[in-house]
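Below sits a lone chain in C-alpha cells, taken as the form predicted alone.
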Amino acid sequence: MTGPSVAPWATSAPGANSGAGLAGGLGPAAPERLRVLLVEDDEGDAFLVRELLAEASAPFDLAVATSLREARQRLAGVHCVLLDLGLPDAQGFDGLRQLLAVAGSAAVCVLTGRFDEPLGVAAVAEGAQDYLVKGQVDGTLLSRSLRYAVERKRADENARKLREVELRQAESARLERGLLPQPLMDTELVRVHTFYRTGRAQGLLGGDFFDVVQTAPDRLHLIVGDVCGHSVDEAALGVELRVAWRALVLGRVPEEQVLPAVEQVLMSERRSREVFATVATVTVDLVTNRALVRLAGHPPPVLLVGGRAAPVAARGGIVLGVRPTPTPVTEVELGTDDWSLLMYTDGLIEGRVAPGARERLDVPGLCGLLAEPESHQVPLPALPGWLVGRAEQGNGGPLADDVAMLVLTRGGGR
C-alpha cells in the first residue's frame, strides 16, 4: 500500500535531548542527533519504524520517502538511509545499487521483510552498512544499528581519505625523485647546491625542474625549467622534459639541437596547447671559465664574482611550446677561478618587495638581496634557503609559486 510521506524531518523522539547530565552539566555528552531517511512505500511499516524509535527515546529525526526517486531528492543532510528492497520504482539490489551511487557520506541500511541470511550478506557486500529484518528488531536494536552504521560509514570515509593522502604522498615522492635528481658529475673542480620548495598548499610538486650532467672532465651542462601550471600533470611533464634533456645531452646531440628536441617532447606530451615551459640552460667549460647560456623565456642566471652579484647579460628567446624558434646562445666570461652561478625559477622573484606593495622583487631585487652584507656571511649551500626566507619576508608571507634553485660554485664562489 502506498501512502503519503510524513512531513520533512518530523521528530521521532520528542525530549530525546532533555536527559540531564551530572550536577553542573558535567555528565557525558548527549548522543549526536542523527537525521534518518526511511525509504518505504508501506504506510504501516513506516508508522512502525517511527514508533520503535520513539519507544527507545532515540535522538533521531525521521523523514519518509515512498519511492527511490523521492529519496534521491531528499538525501541532503541525511546521516543514514533505511531502505526497503521492494519499492514501486526499484526492486531488490537494483534499488540498493542506485541509492548507494548517490548516497555520498550517508550510511545505508537495508530494512526488509525477508529473513534470508545469504541475502543479508550479499547486501553488505554491495555496500550496505547493515541488514535488518522487519518484525525482528525492537526500538533499542534499531537505534543502535543505525548509530553503528553511521559510525562505520564515517570510519570507512576516514580510511578512504587516509588512503588518498598516502597515495598523494607516494605520488609526490615519485615525482620528487624525477624532478629533483642527483647531479650526474664526478669533477672536484666545482660544487653544486640544489634547492626545491613547493608553493602548493598540499605539498605536491609543481612543474619546476633542474638537472646537472657532466659529459667530459672539463664540461658541465645545467638546466633549470618551469612548466606552467601547478598540478600533477605539470609535474609529470617536468619530469619528462628533464629526462629528455638528460638523454639528449648524454647522447652527445649537438647543443643547438637539444632545446628544439625538448620542445618537441613538450608539444607531444602536454595535455593542452596552452601548456608551455620556460627553460635556462648553461654549458660550462672549466678550462676556459666560459659558459654558453640559452634562455627560452626564462630569467637569466646571476653571476657571483669579485664580491658582486649581477644577472648574466644573455639574449632571451621565447618560451618552449608556443612557436618553435631557435633559442639564441650567449657566450659568458666567468672570470677567475672563484665564482658562483645561480640559476632559479621565477617563483623566487615573483613575490612583492614589501607587504601590500605592487612592485615585485624581480631580478634587480634578487641581486640586491645578494649584495647585502648579510648574504656574504651565509654559507653557499645555505644560500638558496636564505634567499627564499628573505623573499618571503619581503612578500609578507610564503611565496605563491614553486621555487627551484641550482648554485654551481668554483673556488670560494664569490
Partner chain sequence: MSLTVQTEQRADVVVVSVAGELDMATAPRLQDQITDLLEKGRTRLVFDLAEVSFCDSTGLSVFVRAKNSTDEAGGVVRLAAPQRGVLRILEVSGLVEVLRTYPTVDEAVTAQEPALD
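Residue numbers count along the first chain shown, from 1. In this text, all values refer to a predicted model and were calculated from it rather than measured experimentally.
Quick note: we don't show the form predicted together with its partner chain, though the next part is all about it.
- For the candidate set F195, F276, W245, W339, a heavy atom within 4.5 Å of its partner chain in the model of the complex is found for exactly one residue, namely F276.
- When you look in the model of the complex, the only residue of E70, D362, E55, D42 with a non-hydrogen atom within 4.5 Å of its partner chain is D362.
- Though the partner is left out of this view, E392 does not reach within 4.5 Å of its partner chain in the model of the complex, counting heavy atoms only.
- When its partner chain is considered in the model of the complex, H230 lines it closely, a heavy atom lying within 4.5 Å.
- Mapping the unseen interface onto this chain, K161 falls outside it, with no heavy atom inside 4.5 Å of its partner chain in the model of the complex.
- Its partner chain in the model of the complex comes within 4.5 Å of no heavy atom belonging to R152.
- Only one segment in the set 294-302, 214-222, 74-82, 119-127 has residues whose heavy atoms sit within 4.5 Å of its partner chain in the model of the complex; it is 294-302.
- Heavy atoms closer than or equal to 4.5 Å to its partner chain in the model of the complex belong, across 308-341, to the residues G317, I318, V319, V322, R323, ordered by sequence position.
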